[in-house]
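One chain is shown next in structure tokens, namely the form predicted on its own.
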Amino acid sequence: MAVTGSVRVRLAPSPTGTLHIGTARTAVFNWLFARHHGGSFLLRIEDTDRERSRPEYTANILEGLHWLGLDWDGEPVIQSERIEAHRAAIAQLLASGHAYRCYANEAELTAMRELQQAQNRAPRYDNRHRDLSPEQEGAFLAEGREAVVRFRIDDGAVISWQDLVRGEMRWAGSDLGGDMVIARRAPADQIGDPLYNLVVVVDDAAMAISHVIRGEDHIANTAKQLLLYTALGHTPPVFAHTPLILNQEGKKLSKRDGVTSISDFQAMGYSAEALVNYMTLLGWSPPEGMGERFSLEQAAAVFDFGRVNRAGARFDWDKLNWLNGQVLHGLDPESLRQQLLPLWAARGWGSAGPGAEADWQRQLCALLAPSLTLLADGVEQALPFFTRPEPDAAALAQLASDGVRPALATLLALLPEGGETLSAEQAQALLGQAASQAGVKKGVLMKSLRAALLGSLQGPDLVTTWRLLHPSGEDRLRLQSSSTVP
């Protein structure tokens, strides 16, 4: 479907929890579509759930979007501040006959649902108070009953729209569960708190939203909302219903699957660049030749809904980890240092010794970068450079092998006096000389040196590690070559 006119899209999160990855992916698709067409990406905080909405959740949502680089246009609209506009729309529907007051109490509704269940029928409101006579309504008022406001839904209606993702959509009015509640229970002379489907339509119309881009779990809501647009005299927007994010079992991703909050991904050490790159791939296929590694701006240049899949997108931790590793590997040493400094500082590192020297830290970052998957790995892998690690079992076994400690002592004796820093070539030559004099293979000496310096047989480039640890590396070498160490 060709896009005509000015594009205005919105993200409308509810501050009843932290920014979920599903909401964030919806934000990504809205942002990409708006930026591709030179349009506006607006933000509306849907805080009408008074009991569950929290200001700290609003702050988390705004901070998460900012961290991801999803800038919005203008000030966020706060939905609760527009309640009078919502009530005015309900009053309009009551006056036009599109809505009515329903006095059914909870006991009556429960009995209705139980009967439907016993008869194996789908739950729906039976529209019992749709056409009350003045005498019937007066009787309910005399009882002191309060009323909800319901919107009339014609069972014979057919609601259709052209969806940007799913093509032509058709929905029967009889499948919408009966007349829809649009305002909570209140005294007869008042209008209760307006509900979701009504306020969304009123606010989207007021914000001149041209396209509503949201998850496929809203499809039934769309059918109801299109009826409200018509009844209120508004032109409806174009709709696009994106696929849900699924877990490995093919079910909707939820908190039970572990990390789903953007702030949790951030705390785990994922970069915004990698996460937003990955979310773009959750349901959208880039053009041939583009590859899977790209920036938001690059994706926006080619984004269209013709490449958005209808099927659910399975969350793949391996792909996210690969993308995050690619981002970290590509950082220059100073950029990586700036990201690691707060994590190192939290461990009490960097305030004394070689860790206080920015040049040394940049060299360390250059050493660590190729092996990082998460930013947090830069803490674990930096540990031997800030503290003296306890050798693990494999390292202890290596250090206890025949001829190893004398070989380390030989290497220590060959080191130049005065703490002179060796070049990589000098270090390699010295290793060969020490191995020859000690009568061991150079590979055995290098393996043993790694165990002495890092307390492990695994780690980054050995020669660079040795040079970065100097002179503390000599102290470790001296300790491990001593016969007093078990």
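From a predicted model like this one, the values you see are computed outputs, not experimental measurements. Heads up: residue numbers just count along the shown sequence, starting at 1.
What comes next is about the form predicted in complex with a small molecule, which does not appear here.
Contact with the small molecule, judged by heavy atoms within 4.5 Å in the model of the complex, is confined among 318 to 326, 214 to 222, 384 to 392, 357 to 365 to 214 to 222. Three-residue candidate spot L68, Y270 and N277; no residue lies within 4.5 angstroms of the small molecule in the model of the complex by any non-hydrogen atom.
L282 falls outside the set of residues with a heavy atom inside 4.5 Å of the small molecule in the model of the complex. Contact check for I21: every heavy atom lies farther than 4.5 Å from the small molecule in the model of the complex. Proximity of S14 to the small molecule in the model of the complex falls within the 4.5 Å heavy atom cutoff. When the small molecule is considered in the model of the complex, W171 lies well away from it, no heavy atom lying within 4.5 Å. This chain lacks the partner; the member of A183, L408, V200, I262 within 4.5 angstroms of the small molecule in the model of the complex by a non-hydrogen atom is V200.
Out of the listed residues Y196, W161, F140, Y229, Y196 is the one that sits within 4.5 Å of the small molecule in the model of the complex by at least one heavy atom.
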